[in-house]
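Just one chain follows, in the form predicted alone, and it is written as structure tokens.
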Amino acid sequence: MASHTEPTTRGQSGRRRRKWRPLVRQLHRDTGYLAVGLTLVYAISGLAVNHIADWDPNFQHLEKQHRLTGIPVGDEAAVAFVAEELGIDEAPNDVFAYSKDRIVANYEQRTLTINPSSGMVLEKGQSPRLLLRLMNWLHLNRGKKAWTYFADGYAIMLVFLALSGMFMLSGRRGLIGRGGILVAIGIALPLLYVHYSGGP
């Protein structure tokens, strides 16, 4: 009887061990699908914000020079004329006349510097990078409040994906083989960077 019972017990234990890996794979897959949208937001925004020293990830900046003829005399008249010529249909926030040859009109997202004598108009401004600015707003948690819970939930999903990914495969392809080597490399990279860069 003992010789018959022992293999049966081992067989049941083996079946139990085999059952949990498919479950982990299913949860890992479904969590991965759920995290796709947020992963794209954080990944694309992260790339943009990482290079903030080289460009403005939220706004496109413009600087143009225009030469116009027939700019009338008078601050308000000159600004109205230039705005019509350039197709600006908003009223300026303020207008300053620093001299007869330098009138500055400030708008919401642009500034016009007008020289009536020469007809030169310098336009400086910015326009939002609509989708990228929204991603950055979410990534940096500018909205606070409810988004904090979404961000926390996403962080928990990433932790689960990282941990479950280590146990999806068994044997030499899993944690005790190639997977373990890759995990060790992934952990070593940030530690080595902190060490050789001098840390915070």
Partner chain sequence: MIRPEHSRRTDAVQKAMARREFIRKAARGTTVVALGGAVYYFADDRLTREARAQTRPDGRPRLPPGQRVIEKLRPMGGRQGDPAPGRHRLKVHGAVSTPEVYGFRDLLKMKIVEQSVDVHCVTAWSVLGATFVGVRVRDLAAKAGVKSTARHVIFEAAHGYTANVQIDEALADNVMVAWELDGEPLARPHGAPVRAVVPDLYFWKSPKWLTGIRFVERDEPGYWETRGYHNHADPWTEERYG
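Throughout, rigid core stands for the largest set of C-alpha atoms superposing within 1.5 Å between the two forms. Residue numbers count along the first chain shown, from 1. On a predicted model such as this, the values are computed, not experimentally measured, just so you know.
The form predicted together with its partner chain is left out here; the points below concern that form.
- This chain is displayed alone, yet in the predicted bound form one of V104, A80, I71, I88 has a heavy atom within 4.5 Å of its partner chain; that residue is V104.
- In terms of contact with its partner chain in the predicted bound form, the residue from A155, I52, L34, L134 that brings a heavy atom within 4.5 Å is I52.
- Shown alone, this chain has one stretch from 157 to 165, 170 to 178, 35 to 43, 140 to 148 that lies within 4.5 Å of its partner chain in the predicted bound form by heavy atoms: 140 to 148.
- Taking non-hydrogen atoms only, N93 approaches its partner chain to within 4.5 angstroms in the predicted bound form.
- Although the partner is absent from this view, R110 contacts its partner chain in the predicted bound form, with a non-hydrogen atom inside 4.5 angstroms.
- In the predicted bound form, no heavy atom of K100 sits within 4.5 Å of its partner chain.
- Put simply, H61 is close to its partner chain in the predicted bound form: some heavy atom of it is within 4.5 Å.
- Fitting the two forms on the rigid core leaves the C-alpha of Q65 displaced by at least 2 angstroms between the shown form and the other one.
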